[in-house]
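Taking the form predicted on its own, here's one chain by itself in structure tokens.
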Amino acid sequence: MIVALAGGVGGAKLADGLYAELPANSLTVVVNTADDFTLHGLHISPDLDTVMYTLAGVANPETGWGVDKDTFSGLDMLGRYGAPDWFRLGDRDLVTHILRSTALREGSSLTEVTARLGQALGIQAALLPMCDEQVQTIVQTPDGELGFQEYFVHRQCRDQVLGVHFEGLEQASLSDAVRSAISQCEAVIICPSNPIVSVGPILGVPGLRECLLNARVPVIAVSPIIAGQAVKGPAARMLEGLGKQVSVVGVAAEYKELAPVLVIDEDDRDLAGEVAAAGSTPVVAPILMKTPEDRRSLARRVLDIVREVRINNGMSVEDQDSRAEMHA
């Protein structure tokens, strides 16, 4: 089994490629939930839904999020009533949020609800929220603190990022489902998601880093940055605002304690030495995913790297023991 850590459209694309290349029920995707929020009384999980819709083959191919060919009559009516309509909730998408919110109010965990929704859509992979507790990404800007969706969707990333923190993360706990998946997997793939607000909170769940380090399996990360630019989303602006290097070297620095193989694009080949110095083993490959075949091609390369690491013992058990002892 392969475990992928993902958030947002980039993470969903690689997860989709892995899903297409792996046998049924051999992929687990642990998804960021720190950008979950409540709107119109509904619990909305943007990253979970993006991954779920993508694996189910119903995602909007133009945006990467939402349901393909969705309509927005409900949203139009909300606007007529004067309710906030800046977050694009399609009519079919709205059903997901209604069912999720109802189940959560009735006492189901987010893990349980997500499993039921994924099964109903015919997904033959495990989708797991990073935790069942509520965590909120807060972006610090010159105008004050903003919830992530306010910063990302409503204000369209226009604000300078001065800091980021995750309310409730310290009180979160590693679910049995996530712990079991990591302890039984053959490799962990960090998808090309924002290292600060998508992968960062996943790795920040108490106990998760230790679980990864103790798993003694290859960790392969794919850069969301190509030639100093984010493929999608605010990763580059956030790295810059936080005083971090906006490049694959900056990405390597974010993951250094996991000592992963970092897959970087051919445009960043000249930075391979700096990536290695920052704590990752660089592998150069085309990583831009414009088409479904691009997703599968990158997934095949990542899975090849997993096999190469295992066969060549590039990350030996002894190395992993040392890594676990360093961070115990």
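All residue numbers are counted from 1 along the displayed sequence. Computed from a predicted model, the values in this text were never measured in an experiment.
Form predicted in complex with guanosine-5'-diphosphate: not shown, discussed below.
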| property | result |
| --- | --- |
| Residue stretch of 164-172, 232-240, 100-108, 126-134 approaching guanosine-5'-diphosphate in the predicted bound form, non-hydrogen atom distance within 4.5 Å | 232-240 |
| Interface membership of Ala276, guanosine-5'-diphosphate in the predicted bound form, 4.5 Å heavy atom rule | no |
| Contact of Asp35 with guanosine-5'-diphosphate in the predicted bound form (heavy atom, 4.5 Å) | yes |
| 4.5 angstroms heavy atom contact with guanosine-5'-diphosphate in the predicted bound form for Pro201 | no |
| Tyr151, heavy atom within 4.5 angstroms of guanosine-5'-diphosphate in the predicted bound form | no |
| guanosine-5'-diphosphate in the predicted bound form - contacting residues of 97-127, heavy atom within 4.5 Å | none |
